[in-house]
Ligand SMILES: C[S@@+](CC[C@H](N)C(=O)[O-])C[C@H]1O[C@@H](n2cnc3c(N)ncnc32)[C@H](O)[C@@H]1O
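What follows is a single chain, given as structure tokens, in the form predicted alone.
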Amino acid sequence: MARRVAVDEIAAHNERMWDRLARAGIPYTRPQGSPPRDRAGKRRFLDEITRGRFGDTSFDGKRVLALAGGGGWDAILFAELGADTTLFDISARQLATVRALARRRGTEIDYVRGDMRDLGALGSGEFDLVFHQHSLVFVPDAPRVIREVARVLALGGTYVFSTMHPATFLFYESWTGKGWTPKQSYFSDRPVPVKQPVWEFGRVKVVAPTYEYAHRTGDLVNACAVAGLFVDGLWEWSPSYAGGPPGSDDALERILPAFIEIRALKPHRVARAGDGSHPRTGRRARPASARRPGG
């Protein structure tokens, strides 16, 4: 039996659901598309994934954490653009998917399986960049994740993360025929009710009722501040603004943002004795649970 890494039953349940989705090959659980083979093309492809939030930062020699990134190309492309990259995810199946793809490409990545709320396998000040896309929605306590990221982030490091927009998220599945009504109060800390737990992509249909939470904008920003991070960018956006049939997600996301995204920096400052935050030189030691593509 695989070693349990979930910190509670909420995470354990969501882990089971994501493994179920991964077995069915749902697109969110595996890299989609094919990046160009040349370096410039890979950078353009990665900039689309990250929406350019890292600007013109060179990834050569950077230490990058792809947090909860087992379903995408980002870890592979960071590595192929010169970064010393670690992929951290709770799903063994999704880690295996990326590991197999990286092995075929001859790309070196460190792999760590764990719950995003416990980065204890990673050392303080280990990473220059942390990219964390959309998965905060699956934990009830986002500030705990942000504190952990702040710890593993080096001085001067950058954390880019996104999640479901806390207002829009309450309106999915709520179409009445005339408009949308929120499924619960914006100020509730309970998981957002899921009326139809079927994930459907073409002919593939999978019942996977995950626990999902709408994290309020103020709570996310304040969690960064409490963790000692400086927010220097906040964006609200939808994948498309073309709209769709009345009552559809596309129609809702034309008038309300699907996602909220934050970029936060760990300021350059003199670390206090004993706070565990320090710059590192040279290549960091791999955590004991890390595995190379051939491992």
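Note that this is a predicted model, so its numbers are computed, not measured. Numbers for residues come from their place in the sequence shown, where the first is 1.
The same protein also has a form predicted in complex with the ligand, omitted here; what follows describes it.
- For the residues Tyr111, Phe169, Phe138, Phe161, the 4.5 Å heavy atom test against the ligand in the model of the complex is passed only by Phe138.
- Contact with the ligand in the model of the complex, judged as any non-hydrogen atom within 4.5 angstroms, is confined among 128 to 136, 78 to 86, 188 to 196, 149 to 157 to 128 to 136.
- Interface membership of Met116, defined by any non-hydrogen atom within 4.5 Å of the ligand in the model of the complex, is confirmed.
- Put simply, Tyr28 is close to the ligand in the model of the complex: some heavy atom of it is within 4.5 Å.
- The ligand in the model of the complex comes within 4.5 Å of no heavy atom belonging to Ala142.
- Residue contact check for Ala68: one or more of its heavy atoms lie within 4.5 Å of the ligand in the model of the complex.
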